[in-house]
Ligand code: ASP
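Next up: just one chain, as structure tokens, the form predicted on its own.
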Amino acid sequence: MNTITVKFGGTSLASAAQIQKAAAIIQADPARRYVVASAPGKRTKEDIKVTDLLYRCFNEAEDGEDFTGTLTKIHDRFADIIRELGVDFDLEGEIAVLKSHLEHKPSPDYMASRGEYMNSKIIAAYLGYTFIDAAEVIFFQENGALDEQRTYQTLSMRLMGEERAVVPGFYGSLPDGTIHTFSRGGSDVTGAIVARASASSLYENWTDVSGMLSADPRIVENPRVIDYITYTELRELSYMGASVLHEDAVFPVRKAGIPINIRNTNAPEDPGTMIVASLPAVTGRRTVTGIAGKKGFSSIHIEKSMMNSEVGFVAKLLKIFADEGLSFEHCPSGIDTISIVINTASFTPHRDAILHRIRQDLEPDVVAVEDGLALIAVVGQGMVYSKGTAAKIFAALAGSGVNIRMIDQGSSELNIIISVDELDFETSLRGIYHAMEGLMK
């Protein structure tokens, strides 16, 4: 029998009614054997996520403030879910454990993980599935990196003994047994790990949208839903701000060749987006898959005569950033010029030290910094086969009255990166989308 791993996000599990929808989806296909659950998310726009309440509890306890009011709100959220689902769950015992933890050197990771932990226990009870604590099967190294060998070996053996199970997302344990979390949205990564460990034929990621959109709907009106996208294209778009899936969730399933299906819990009849290793024939020669971008970048521009003949110049430049513990986004260059594009928030605390090192170590003719830049990525494997894509992008920006500050294209021709002034970001994104819309079919 094929095995499907399903992961449900916070909005999909925000209330008893939403959990019942998720349960109906799970029970509609016997192949959906393993469930990864998030903590309850927002029920309305004005609501607060349970994870945020847990972080608030930790901060209050850490600052010596009264946290009982926030803890009561957490209790009440889960009490409503338990009552409406009619499950047997020792909520008072779990809240007492939380209260005791808060009173004795609380850990932010432990606190943050309890939303997934309790919600998964409740869902397991409601479904009649086995609950598997992620701390017992997902392991991190001392430096916080996933211990892949131990995780997959332990988790695979555990799942082999369970016909159906629920695993909390977002966390695992360090070598000393303490709780450690992924970054926010990390339940997506847990789902991918469970899919790989169980040798699933499909990883379904259920959320509140009917698939991945080809542009940000807050900027572009009614962007197209992407039917198929490759792992590589997804990685590019996720990194540039498309947030339907945690960017690190690609790696576990990509190695195993397991496709991901982004689905909508509130519209389960919609096919959603399939994330695959290579595009199927039904997509034809689609040129562009999607467009994404984000603000908050700076460019360090360097000029020096005969730069190209100075052996090791770029290596010395990049070492300066490495010594400060910084990674960069892009590095466009000319014969005697080079620019480093970097996240402004990361760069700012190191700005003076880096500029001093550049002047001292490299002796440039010119070094200048430009802030307030935005990056836009046009992504599509079909661009390598299509002529004139870049020309359409440039024409769209010129027609919108936007000045291009940087152009960067990788050798694979998978994407074209454009840098513009932050003030022109939304105008640029809309202009490029409408110019590319016909190439997305």
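Residue numbers here begin at 1 and follow the sequence given. All values derive from a computational prediction rather than experimental measurement.
The same protein also exists as the form predicted in complex with aspartic acid; that form is not shown, yet it is the one meant from here on.
- With aspartic acid left out of view, the stretch that reaches within 4.5 Å of it through heavy atoms in the model of the complex is, among 76 to 84, 253 to 261, 145 to 153, 184 to 192, 184 to 192.
- Proximity to aspartic acid in the model of the complex, defined as a heavy atom within 4.5 Å, holds among Thr51, Gln381, Thr389, Thr70 only for Thr51.
- Taking Trp206, Tyr203, Phe297, Phe170 one by one, only a single residue has any non-hydrogen atom within 4.5 Å of aspartic acid in the model of the complex, and it is Phe170.
- Within 4.5 Å of any heavy atom of aspartic acid in the model of the complex lies no heavy atom of Glu233.
- Shown without its partner, the chain has Ser38, Ala39 in segment 31 to 48 as residues with a non-hydrogen atom within 4.5 angstroms of aspartic acid in the model of the complex.
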